[in-house]
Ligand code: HEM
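First, one chain by itself in structure tokens, the form predicted alone.
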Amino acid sequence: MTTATATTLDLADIQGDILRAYGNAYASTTYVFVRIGDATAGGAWLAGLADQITNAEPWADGKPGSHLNVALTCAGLTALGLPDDVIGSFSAEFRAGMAGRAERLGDIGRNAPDRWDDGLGTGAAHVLVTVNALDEPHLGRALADLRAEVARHGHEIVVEQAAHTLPGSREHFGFADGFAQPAIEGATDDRAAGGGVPLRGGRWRPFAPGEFILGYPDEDTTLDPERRLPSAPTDPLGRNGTYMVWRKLHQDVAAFRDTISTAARHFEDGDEAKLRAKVVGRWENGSPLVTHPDAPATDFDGAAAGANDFRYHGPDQHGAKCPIGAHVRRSNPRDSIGWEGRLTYRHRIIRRGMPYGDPLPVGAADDGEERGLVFACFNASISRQFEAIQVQWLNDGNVFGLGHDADFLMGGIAEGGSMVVQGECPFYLGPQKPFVTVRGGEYLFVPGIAALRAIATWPR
């Protein structure tokens, strides 16, 4: 380990999609996975991409029409000719890959890697280029240029996944998403209330940046008298980068709607909207149940100061407002399992992603079309952050006192889940077939821009 010297973030070297939520500002996103044909040609191609990457600095002249960011799999680092000792400095879970961690993640049965989309989880995907665009014309031009350069350097596109915002900026189950993002020191300090580390007396502070960006102090560093930095890949790769999780999730919208509609006939005067909110933990517009238990706030703005400044243990310890098994409560328990949040805060992730496929019309039966969510997140430790959430909180309810009940909405994706809605008269949901199926995924490394240039020019 090295020793921390400064906490000022080098925004010019950090890739922009880590700290900047492009989200609804860009209507179209395409994820392009490329297989490197030759290490030398791969380096030449990456050197050119490094000059095009959008960094995390504020835009001086407004939003660009399109921009791109780059990440690499472990197989990609090998294909680019990096030596074994350098690759060995990366985390074990990154080197194993998502497919290699499938059993731990619960990606079995219908979600097993041998059923994933072609090109994912096989070692064929080496480089991920994410292209965001304001509209289809900008996207078309950016993709045409990218495809031409890939072909010119002798590489191959193995997966090209289109995604786009949906009407009302919702995901396919009908909910607004992405509100409760972590507050990071030096980047988003103003969002500390509700997004940072919970403190006594209802106070909050932002997270140490090393929880999400490699090469900076993390929460352990702040307690270490020697101010040692967390583990990171060998220099110069371990500065201003992070690990990325990419998962393609198919959503069975018809099954979700039918399940809730049928169950709601026996729930509080048939209030279907409220039962959906109980499953998720928020109303469809994003209003948190813990602060708005009876009806959504008509003017809710998830970006407003204080919009997510709430806790569970004091106002709703037993889940009467927001059920203990609600999706948002399980994926971000805050202080709900006690100790003022000290058992949960080290497991936060920066969540990104975009819906894919066209919406299923209201009232329509399943049409067999592909639709769902491309889930992406950034974290300094895949095992401590993403995998802990997936394995310990979504797939297993023991820590919440829910036995082996998986998250009704997203967890237990191999067999489905069940859920109790707490209240004066508890209401039971499930079990039911899974609403979500994994179509594929990869673990990736997102290098700083200088690190990407180093990879591109590594001696071969």
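Heads up: residue numbers just count along the shown sequence, starting at 1. Every value quoted in this text rests on a predicted model; they were computed, and no experiment measured them.
FYI, the form predicted together with the ligand isn't displayed, but the following is about it.
In the predicted complex, at least one heavy atom of Phe173 sits within 4.5 Å of the ligand.
In the predicted complex, the ligand stays beyond 4.5 Å of every heavy atom belonging to Ala125. Interface membership of Phe179, defined by any non-hydrogen atom within 4.5 Å of the ligand in the predicted complex, is confirmed.
Contact between Arg95 and the ligand in the predicted complex is not found at the 4.5 Å heavy atom cutoff. Note that among 343-351, 86-94, 232-240, 115-123, the stretch whose heavy atoms approach the ligand to within 4.5 Å in the predicted complex is 343-351. Note on the partner interface in the predicted complex: the residue among Ile18, Val436, Leu444, Leu452 having a heavy atom within 4.5 angstroms of the ligand is Val436. Checked against the ligand in the predicted complex, the candidates Leu214, Val328, Val290, Ala133 yield a single residue with a heavy atom inside 4.5 Å, and that residue is Val328. Contacts between stretch 201-229 and the ligand, counted in the predicted complex as any heavy atom lying within 4.5 Å, involve no residue at all.
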